[in-house]
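The chain below stands alone, shown as structure tokens; this is the form predicted alone.
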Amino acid sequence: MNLAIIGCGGIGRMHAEMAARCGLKIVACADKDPDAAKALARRYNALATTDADGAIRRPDVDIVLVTTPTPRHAGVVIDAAKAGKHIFCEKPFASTVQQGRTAIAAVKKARVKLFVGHVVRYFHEFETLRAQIQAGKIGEPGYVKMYRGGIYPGGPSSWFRDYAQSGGVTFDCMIHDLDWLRYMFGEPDRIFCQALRRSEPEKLDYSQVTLKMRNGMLALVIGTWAHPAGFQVKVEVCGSAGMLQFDSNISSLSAMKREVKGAGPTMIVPSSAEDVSPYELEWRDFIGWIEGKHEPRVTPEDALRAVEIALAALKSADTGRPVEL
């Protein structure tokens, strides 16, 4: 199958490599910056163009990869659907819920497949956490704490630095964790968010989200674009029989049993035997879905719900009040 890439920045380049590893042929690279399109096209002997519509409509294109800034996602998805192409769209799926609904309607009308890159569902550490919890290793889970963040992304002219376009760390980054919480523990009932979105004298963004889940669990999600350097992910899941922890700066995963009479605590440190990138795993899942082998781990409706939850968090931050979901 042949792939057209719409958006040739850093995330587009990364996905191009993953798609190529999975056997797709990249035939067109489109970007409003002709130098970005040419640089990526050279790697794969593909057409470089600033005409996204032309790249999408090429008769030899089977799949369209959407890695533009978020405000353009829904529009490109709709164009690709109307052209009869399958679509891989980077998260967040859309800037608004209505945009997402319109895009899904276009996809269904065209009877093409849409996959949205909620890649945390494919990270080995998060899948190990999921397996341990579902196997009852920590008993009944009651509390989750998640942390994700690093430096403020992009240069001075980057679209990430425009909160109106990116939604800041809450919408662009924490949407990963909000999606995983729902994937793992079901729907949230209520969300409350406090966020610092500073523009001067230096861009900083820090957000804290508290969720009450329908199953009674509590969750705290912290996101930051305020680190002086680096990037870190942390997860803590507490249950009636133990606790699971993951810290990307320390180890892959650790598990601790609660003490029982006659026995001390034990430590289990499972490692990921897989050496395949989670970004490649999501492409494998998408391609397998196109080929009719299985259903995908992420549906368009999942991606739309993640947008809805993240936007509710931003609404809470703006109003200072919790939002019912």
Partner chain sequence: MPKIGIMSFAHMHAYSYGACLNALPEAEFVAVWDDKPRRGRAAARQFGATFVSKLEKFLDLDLDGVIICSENVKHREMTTLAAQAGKWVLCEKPLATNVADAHAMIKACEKAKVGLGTAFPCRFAAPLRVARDRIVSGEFGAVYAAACTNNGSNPGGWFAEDMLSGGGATMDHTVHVVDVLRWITGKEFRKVYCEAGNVLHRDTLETDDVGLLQLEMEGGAQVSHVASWSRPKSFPTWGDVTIEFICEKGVLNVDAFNQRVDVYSDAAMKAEWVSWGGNPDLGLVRDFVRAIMEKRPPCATGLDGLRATEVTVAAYESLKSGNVVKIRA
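Please read these numbers as outputs of a predicted model, since none were measured by experiment. Residue numbers count along the first chain shown, from 1.
What follows is about the form predicted in complex with its partner chain, which we do not show.
A heavy atom within 4.5 Å of its partner chain in the predicted bound form is found for one listed residue only; from Y206, F246, Y183, F160, this is Y206. Of the residues given (G100, P188, P141, G117), P141 alone sits with a heavy atom within 4.5 Å of its partner chain in the predicted bound form. Residues of just one listed stretch (133-141, 89-97, 73-81, 108-116) have heavy atoms within 4.5 Å of its partner chain in the predicted bound form: 133-141.
Although the partner is absent here, M146 lies well away from its partner chain in the predicted bound form, with no heavy atom inside 4.5 Å. For P156, no non-hydrogen atom is located within 4.5 Å of its partner chain in the predicted bound form, even though that partner is not displayed.
Its partner chain in the predicted bound form comes within 4.5 Å of a heavy atom belonging to F192. For the chain shown alone, C173 is not a contact residue for its partner chain in the predicted bound form, no non-hydrogen atom being within 4.5 angstroms. Taking a 4.5 Å heavy atom cutoff to its partner chain in the predicted bound form, none of the residues in 1-18 make contact.
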